[in-house]
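Only one chain is shown below, in structure tokens, and it's the form predicted on its own.
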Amino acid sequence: MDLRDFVALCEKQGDLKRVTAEVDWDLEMSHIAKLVEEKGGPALLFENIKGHDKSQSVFFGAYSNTRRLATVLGRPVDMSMVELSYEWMKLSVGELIRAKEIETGPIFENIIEGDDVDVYKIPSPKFYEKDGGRYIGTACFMVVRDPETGEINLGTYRSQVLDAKTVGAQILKGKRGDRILQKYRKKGEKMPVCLVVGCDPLLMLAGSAMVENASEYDVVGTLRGEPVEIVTAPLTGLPIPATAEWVLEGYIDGDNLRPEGPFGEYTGYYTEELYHPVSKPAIEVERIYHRNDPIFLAASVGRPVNDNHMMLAFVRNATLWTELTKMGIPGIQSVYMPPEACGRFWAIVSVKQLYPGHSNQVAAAVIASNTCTYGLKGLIIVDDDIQADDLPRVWWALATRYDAARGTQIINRGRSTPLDPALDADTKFITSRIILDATIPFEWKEKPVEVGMSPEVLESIKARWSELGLD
């Protein structure tokens, strides 16, 4: 699948609206997308962007509901997020299907270099009034290679247009991309990068996952059941998707930082750049590649729930479930990281308890997981009769099974994201965490008896449903 396949599927399913009227990239386009998204509307393909070539279009809403997430994964559109996460987990624990390198691809249909490079010619939006400028990267990923191991990393970092030949990259401290950048700095070299905007939407999801010890290309190939086709970028030698829509190729000088931001983040708040300019890595763009009639992929940002939150929640559901499975933790029934909690800060896990202390083991495994070690602030554990995404039942468990003294653990120091607006500016990388164990203790001899309906009477009623006139 590439982005065009996905657009065609959405349109076939009645889940796409083509906007042919002229819209302005400056606030108008992003605001239209946000309003439609909040009403649960279709994905949008803007085909007439003010000041840009009519051959270019912008696609919003790839991930903003479970129907389209299911389409991304190639699954039935009526599946829930938990069901889709389970599908991801089942597929990803199999043997990796490695990417397949081919000689050339549609991405090289147009090559722009030298003085002709002008990032402003790409129809990137300005999202909100207080943003620092236009953002080419809200649904993109950056391809880099570890200079020591040769491993390829796809990382998602917001990317602001700084000038015609420079694009910012918010590579946060400690992330895998930052660790790789520091290796280049120590070698006294610039880091080769390719910024990919528009491709198989599953690649974007993999790029936002915290994948270690594997290429995200191989993860997507495993999920798809066939290898991702890649080509080699001529200047940097980096692998890029053969059917990508836009690719910016260049270098990051780790010692040449540029002011970037502010930006209305997925938390629903602005980051500290609103008050204090912050210098960050920047991509010196040397070449731009794009397909004929390229589609620019963008994602809504701001307060929940939008594209970013659905994407983050789905990916973290899936990767957490996968990690717990690979750890051999028994009894996991379902996993949910609510998009309303920005898809990152809270997790809910349903477990079928098999022995005393089982729920504590699950809590410890979640906290130690690669997925939740970064940014998690709260974890709720519930029994197996409650699905992790059944929030009314989760509240019921907290009301009737949770005892604060018995079921609460506070972890004082955990790794955090500096984008969390609840943290003080001086402690942006450290957060506290709370575990709420809302399970009935396994070792209790006398457990609370739940009120339930008679199975025999229920069967009798079902047989009389039509007679009762309740169809």
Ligand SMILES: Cc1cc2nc3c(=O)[nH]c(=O)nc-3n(C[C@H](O)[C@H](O)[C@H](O)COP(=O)(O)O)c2cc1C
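From a predicted model like this one, the values you see are computed outputs, not experimental measurements. Numbering starts at 1 and runs along the sequence shown.
Unshown form predicted together with the named molecule; subsequent notes refer to it.
**Q** Would you classify Asp389 as touching the named molecule in the predicted bound form, given a 4.5 Å non-hydrogen atom cut-off?
**A** Heavy-atom contact with the named molecule at 4.5 Å: absent for Asp389.
**Q** Considering only heavy atoms, tell me if Lys183 and the named molecule come within 4.5 Å of each other in the predicted bound form.
**A** No.
**Q** Is Ser124 close enough to the named molecule in the predicted bound form to count, meaning some heavy atom within 4.5 Å?
**A** Taking the distances in the predicted bound form, the answer for Ser124 is no, it never comes within 4.5 Å of the named molecule.
**Q** Is there any non-hydrogen atom of His290 lying within 4.5 Å of the named molecule in the predicted bound form?
**A** Close contact is absent here: in the predicted bound form, His290 is far from the named molecule, nothing within 4.5 Å, heavy atoms only.
**Q** Where, among 305-313, 184-192, 116-124, 224-232, do residues come within 4.5 Å of the named molecule in the predicted bound form by heavy atom distance?
**A** Comparing against the named molecule in the predicted bound form, the contact stretch is 305-313.
**Q** Would you kindly say which of Pro338, Pro106, Gly155, Pro239 lies with a heavy atom within 4.5 Å of the named molecule in the predicted bound form?
**A** Exactly one residue meets the criterion: Gly155.
**Q** Using a 4.5 Å heavy atom cut-off, which residue among Gln353, Ser92, Thr138, Ser334 comes into contact with the named molecule in the predicted bound form?
**A** Looking at Gln353, Ser92, Thr138, Ser334 one by one, just Thr138 meets the 4.5 Å heavy-atom criterion.
**Q** Can you list, in sequence order, the residues from 449-469 that come within 4.5 Å of the named molecule in the predicted bound form, counting heavy atoms only?
**A** If the 4.5 Å heavy-atom criterion is applied to the named molecule in the predicted bound form, 449-469 yields nothing.
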